[in-house]
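Taking the form predicted alone, here's one chain by itself in structure tokens.
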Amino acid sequence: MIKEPELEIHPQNFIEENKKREHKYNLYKAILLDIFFVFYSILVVQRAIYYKFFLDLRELPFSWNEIILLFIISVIIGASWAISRTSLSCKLFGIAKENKTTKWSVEIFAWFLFDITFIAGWVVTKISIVGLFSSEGLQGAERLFSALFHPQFGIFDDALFAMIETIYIALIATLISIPPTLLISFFTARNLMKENKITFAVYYVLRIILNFVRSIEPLIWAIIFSVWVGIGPFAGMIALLVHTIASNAKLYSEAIESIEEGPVEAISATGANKVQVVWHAVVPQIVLPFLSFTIYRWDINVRMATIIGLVGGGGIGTMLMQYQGLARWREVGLIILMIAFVVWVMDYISAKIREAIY
């Protein structure tokens, strides 16, 4: 009986193939990022610097044909630049050629991006040193700071209750966020979800959703939920809850991705299933970071809870908005002092708790 020759497996071939696939994938990402950089640069130079600064136009002209043309130009320039592997994006993704052309190209364009962004920011924000030290502005600042040193204690009881409400809005949002955040974080950890295409697809979909949710500030979520469920602390709590889940899920998943692989491999070698591996090898390594992130997030939520009240999220922010609208600056001064004191105390307590954990 003639035996068929055994196929030899060369690990080096697999490594080279993986490197080629990763290089191609990074090149695609570099092309997209360079297209964005070029498109962004053209728009900033044209619309923010040329139209707003040089021509001093109040209303910027807009044309879809012009935008599409600029985008096509950006695609051509960005793609060509990335394919030459001398672009800023190629440098960021580690696939750039190591030569003088790349060095000069990256440095010049990086400084160009920084400069036009700074100039555009200066123009758009309308920075005015004269306006800052104008007589009207200084008089308004004097009224406000004078009120801080002469607060109206007649509203102390109402302000204290509103401040307690603010703290509980932050507390409940943080506590309710823990279970769903824990669950989501395991599904958004790349090292746990990269084994097959289905789990990897789940990972990417969840990442996209969380990035979208996190990109919307709690203030905007408070506006949305104040319309949805009505003005009050419930709307503020839900706004903080949604943003906390998205923000903490990112931190939790990054903690999971940075764990040591040794315990995972050891538990897997015993024949344990996926759940057992996570419970015995992953969870013990992430308990302390999770606690630290959660406490820190509560600290952030206390600060944010004072802001979302300005748009109907309940708490001390709503009260502050009412008295500010009535120009009752002494009452505003008391509320500001209370917010500053409570935020300082919460920051000190949370810092001490985090120190004790570690």
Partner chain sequence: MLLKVKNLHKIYKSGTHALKGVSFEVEEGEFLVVIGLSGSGKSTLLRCINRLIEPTSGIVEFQGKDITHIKGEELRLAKMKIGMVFQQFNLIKRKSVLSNVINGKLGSLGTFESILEKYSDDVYQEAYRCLDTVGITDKAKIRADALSGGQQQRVAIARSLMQNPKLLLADEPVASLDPATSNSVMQYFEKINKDLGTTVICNLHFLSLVRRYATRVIALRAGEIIYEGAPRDIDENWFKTIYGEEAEEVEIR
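Numbering follows the first chain given and starts at 1. Only a predicted model underlies this, so the values are computations on that prediction, with no experimental measurement involved.
Below, we refer to the form predicted together with the partner chain, which is not included among the displayed structures.
Novice: Each of 265, 269 and 279 within 4.5 Å of the partner chain in the model of the complex, by any heavy atom, yes or no?
Specialist: Verified in the model of the complex; spot residues all in contact, yes.
Novice: Among the candidate residues 287, 83, 229, 201, which is the single one with a non-hydrogen atom no more than 4.5 Å from the partner chain in the model of the complex?
Specialist: It is 287 that has a heavy atom within 4.5 Å of the partner.
Novice: Counting non-hydrogen atoms within 4.5 angstroms of the partner chain in the model of the complex, say which of 139, 273, 146, 211 makes the cut.
Specialist: It is 273 that has a heavy atom within 4.5 Å of the partner.
Novice: Counting only non-hydrogen atoms, which stretch in 279-287, 221-229, 236-244, 251-259 is within 4.5 Å of the partner chain in the model of the complex?
Specialist: After filtering at 4.5 Å, what remains is 279-287.
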